[in-house]
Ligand code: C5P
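One chain comes next, on its own, written as structure tokens: the form predicted alone.
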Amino acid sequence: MANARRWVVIPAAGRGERFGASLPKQYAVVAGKTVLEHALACFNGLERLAGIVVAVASDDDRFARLWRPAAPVHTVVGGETRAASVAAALQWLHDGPAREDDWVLVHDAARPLLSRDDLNALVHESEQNGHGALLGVPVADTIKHADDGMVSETIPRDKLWRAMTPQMFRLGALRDALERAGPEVTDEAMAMEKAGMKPTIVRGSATNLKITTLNDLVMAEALFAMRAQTR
């Protein structure tokens, strides 16, 4: 359907073990807001956005106090893995307000710098091809394969991309693919690949940074400052 509604799913139940701080990375503060608040704000004003579903930990006591965008925001209890959290949000949509052919944009809670240009490009490509797409950037570094710390080969990088989010697919197709793929998948495109699909990758910006370590927060702060100067 050309006018299918759009939903956003944000898995935010992670504990952030690699982050190295006392609180999960999605609740770290950068440029005056939490990382998760910035991620939510990326979708403010998106046309045909029916709502945002955030998967949080069962003991989360922070999300309820956060700033909310204009679109309706719903919460579900997430799982131990990203795939389980996304699956819980998709099940809530399936059981409630969404249709199987509605679009779902899954976005990392730890990506606060998604640009509107990248979002628009992803939405346009997904709806043009009808089966969905993901954001990514070509790998720029030389890639090595190592065994026990010893380099065994250099891997050609001309066809390698770093996958990013959002990743946008039809609700029914994505829900079925995740159910069959199991909890080991690390992103939605991987589940779709296992289901026999070949997702389209849309070139995005390297500034769509994922916060993984404390050093990433420093970089994000600098990127927000640069963005403010260009407005």
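In this text, residue numbers run from 1 along the sequence as written. This one's a predicted model, so the numbers in the text were calculated from it and none came from an experiment.
The same protein also has a form predicted together with the ligand, omitted here; what follows describes it.
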* Mind checking whether each of Gly14, Gly79 and Arg82 has a heavy atom within 4.5 Å of the ligand in the predicted bound form? -> yes
* Is there a non-hydrogen atom of Val104 within 4.5 angstroms of a non-hydrogen atom of the ligand in the predicted bound form? -> no
* Does any heavy atom of Gln167 come within 4.5 Å of a heavy atom of the ligand in the predicted bound form? -> no
* Asked: Would Leu90 show up as a contact with the ligand in the predicted bound form if we use heavy atoms at 4.5 Å?
  -> no
* Leu134: touches the ligand in the predicted bound form, heavy atom cutoff 4.5 angstroms -> no
* Of the listed stretches (65-73, 199-207, 169-177, 24-32), which one has a non-hydrogen atom within 4.5 Å of the ligand in the predicted bound form? -> 24-32
* Sequence order please: the residues of 88-116 with a heavy atom within 4.5 Å of the ligand in the predicted bound form. => Asp108, Ala109, Ala110
